[in-house]
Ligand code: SAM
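The chain below stands alone, shown as structure tokens; this is the form predicted alone.
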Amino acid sequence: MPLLPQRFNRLKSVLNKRQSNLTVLLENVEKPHNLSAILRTCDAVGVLEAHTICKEGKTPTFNSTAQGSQKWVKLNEYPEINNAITALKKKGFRLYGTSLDINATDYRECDFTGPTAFVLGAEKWGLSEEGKNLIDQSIYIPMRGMVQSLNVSVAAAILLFEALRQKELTGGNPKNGEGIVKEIYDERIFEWAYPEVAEWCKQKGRKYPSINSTGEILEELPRDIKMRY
């Protein structure tokens, strides 16, 4: 059974507001509730993709806090932080890492209107020394209490919504799909609409079928392939 047009329109309306120039890079943030909460915030803000460093043999896991947001925000995994930061810098991102270093800047004084990546460290230890040395700018969120840092998911939410606010003021938040290049947009809308078919295509090493303006697949596929989200 094909996807209902109403469902397809809902998917497009969300994807149209996604932006590829705002993201997070998480260094060994492994607790499921924190990772889930961060991805849920990414979805709410309109982040297209997030990034994570995983220790060898570790796979990101989620709990109910995510509310299924891991289906809508692609999480790219890297073995080392230098690989991830190099990849993001090649894409033009400026990397802001949370830190209590003496040279850190109050996040409210920073300009997040350009391509921005927030780099956040593990729950207990924060960013590694390697991570601190590779980022472009250290930032901090001012505290008034005895505790000097926030939960990593709370910090991510504060920073992402501040970036969203700044982009909104400068007209930088996409509304009609302009935040994603067309090739990526077409791939992502197909994966959202037909995840089982997309997985089948990946296994077969073939391109995704074309779909029309109402979400119908314009190709005859094997009957055993599930067609609905």
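Here the structure is a predicted model, which is why all the values come from computation and not from measurement. Don't overthink the numbering: it's just position in the shown sequence, from 1.
Although it is not shown, the form predicted together with the named molecule is what the next lines describe.
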Note to self: The chain here is shown without the named molecule. Which stretch in 87-95, 74-82, 125-133, 108-116 comes within 4.5 angstroms of it in the model of the complex, by heavy atom distance?
What the structure shows: 125-133
Item checked: All of V14, L22 and A44 with a heavy atom within 4.5 Å of the named molecule in the model of the complex -> no
Check: With the cut-off set at 4.5 Å between non-hydrogen atoms, does A157 touch the named molecule in the model of the complex?
Finding: no
Item checked: Interface membership of S149, the named molecule in the model of the complex, 4.5 Å heavy atom rule -> yes
Next item on the list: Enumerate the residues of 165-194 that have a non-hydrogen atom within 4.5 Å of the named molecule in the model of the complex, in sequence order, or give none.
Entry: none
